[in-house]
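Taking the form predicted alone, here's one chain by itself in structure tokens.
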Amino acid sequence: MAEDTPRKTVEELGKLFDLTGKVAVVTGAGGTLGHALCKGLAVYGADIAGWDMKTDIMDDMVAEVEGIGRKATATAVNVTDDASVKAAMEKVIADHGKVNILVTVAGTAGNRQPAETFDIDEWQKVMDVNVRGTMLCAKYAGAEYEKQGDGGKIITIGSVRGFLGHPGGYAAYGTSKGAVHLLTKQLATEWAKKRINVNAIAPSIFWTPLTQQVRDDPELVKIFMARIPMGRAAELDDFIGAAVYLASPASDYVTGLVLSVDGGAVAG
């Protein structure tokens, strides 16, 4: 019979959500959600390597993280380009010495269109950013974790649209997020014995430039709110607790989870 696993001390339990000494790569760090998660991870002790298409859109994030007392860097990355992601990960190691956490926020909603007239090039653009981009970032983080030999955390960003269809023109976005959910589970099973935890956060709708097309249509807003039992869109701070949990030692035995942060949308 296997020996019981040693119990954590009171001091260790007190540090379950502590990210001190960790380095987190956050893609899409210049956007509203990416910026919020950078701030949240930094508050709990992580240094931040921000990735986005341009460095200047991460200036506010860098200033806020440094104001918290943590190190922050900003790198221009095209997450759909293998060479760009590889070079960016090499820069993280050069700048920070290691990587412990990856959060793949970079994504696009594309232009929502009826399926029967959906522009297939637009459909492919959404797939490239949301699915290919997630895979490439996870690929290089996973390789680095394996090289470091001490595991690591990967948090992908899915969506409630990855679980459920919707009449709002989501043939591209919903399909891409469903793929992200399954990719999360696939990587989790491949890497579990390497102590690489791969989980997803699946948000309900929240108001950002990516969802402005919905917000501008009062009828669509009514449809969305009717499908959320709490009756409101998510707020950015609603996602920070989930990200800190999945990035921290508190979730060391959790992998392959798609965690809905959605006001009850998937529940009913």
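Residues carry their position along the shown sequence, with the first being 1. For clarity, every value in this text was computed on a predicted model and none was experimentally measured.
The same protein also has a form predicted in complex with a small molecule, omitted here; what follows describes it.
Please tell me whether any heavy atom belonging to Gln213 falls inside 4.5 Å of a heavy atom of the small molecule, as the geometry stands in the predicted complex.
Answer no; every heavy atom of Gln213 is more than 4.5 Å from the small molecule in the predicted complex.
Going by a heavy atom distance of 4.5 Å, is Thr32 a contact of the small molecule in the predicted complex?
Heavy-atom contact with the small molecule at 4.5 Å: present for Thr32.
Contact of Ser204 with the small molecule in the predicted complex (heavy atom, 4.5 Å):
Contact with the small molecule, yes.
If we define contact as a non-hydrogen atom of the residue within 4.5 angstroms of the partner, is Ile223 a contact of the small molecule in the predicted complex?
No.
Pick from Val43, Met230, Met53, Ala63: which residue has any heavy atom within 4.5 angstroms of the small molecule in the predicted complex?
It is Met53 that has a heavy atom within 4.5 Å of the partner.
Here the chain is shown alone; which of Ile196, Met89, Ala172, Ile157 has a heavy atom within 4.5 Å of the small molecule in the predicted complex?
Contact check passes for Ile157.
Candidate site Val79, Val129 and Lys177: all three near the small molecule in the predicted complex by heavy atom within 4.5 Å:
Result yes, every residue of the spot touches the small molecule.
Partner-facing stretch of 92-100, 138-146, 70-78, 115-123, counted where any non-hydrogen atom is within 4.5 angstroms of the small molecule in the predicted complex:
Of the stretches listed, the one contacting the partner is 70-78.
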